[in-house]
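Just the one chain here, the form predicted on its own, laid out as structure tokens.
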């Protein structure tokens, strides 16, 4: 038995947590473990606690069972997935604190192992890839496979990002062999957008600005714009990736306003800039090519501070060329 299965076997009451602003890999890994446990031993009490998710993930089994409040229960085991540190658990950190045993399964290189037991692979494409290695494949059902496949496609940009490996593709292939409708999963959860989401994307692209000799680009969406278009933070998914694929761009920055002089920052790069280092400097984290953080100040202040770190890495690369 793997480390995860051993801890599950010894627990009766289990809570599963992800990170704030859950994405496809977060919800996929959480529901993969949830369904695996429920199918393995239905006598166990298992609860998934996450912030409210967009409806595009409603095809995943267990979606309707997700609890959006932390509650006050105590647990035998807390399983943390795709969360690089305790702060990323948000309001659900209290569940972590009320658990007798804890395990973290993650793929972020910034994760230093905050749980009692940790399974961290910084080379894996996604938390779902790491989760797969902790499960008995003979017990992976179609429902579990849908969750794992969802997480992988979201954190690899449908196998386009540099974190995609041969192992990643092999795992995805094994999930496809379980009979999942992979085409519908990709279109429905990754590409499909509402009319309002398309409008806010168009505005963000139209108002974007390039800098550092056209090698970088940024765009910002204000709270008043989100209110005008009737969109929430989850509707902004994918904007930074559209900025990244513009011809000639090495590094893309997308900001959205969360409060007065407060911004959520998403960073993406193509081949040179290590955005995880930049995000970590400002209290965030992530991967070499995809990371994020929260920053305070005016848009000018935030972009200037980020620009200085990006320019430093670009200059170093130029000097070493």
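Residue numbers count along the first chain shown, from 1. The structure displayed is predicted, hence computed values, not measured ones.
Not on display, but discussed next: the form predicted in complex with a small molecule.
Among the candidate stretches 60-68, 29-37, 287-295, 43-51, which one is within 4.5 Å of the small molecule in the predicted complex when only heavy atoms are counted?
Residues of 287-295 come within 4.5 Å of the partner.
Is residue 85 close enough to touch the small molecule in the predicted complex, meaning at least one heavy atom pair within 4.5 Å?
The answer is yes: residue 85 has a heavy atom within 4.5 Å of the small molecule.
Answer yes if any heavy atom of residue 108 is within 4.5 Å of a heavy atom of the small molecule in the predicted complex; otherwise answer no.
Yes, contact at 4.5 Å.
Can you tell me if residue 266 lies within 4.5 angstroms of the small molecule in the predicted complex, counting non-hydrogen atoms only?
Answer yes; at least one heavy atom of residue 266 falls within 4.5 Å of the small molecule in the predicted complex.
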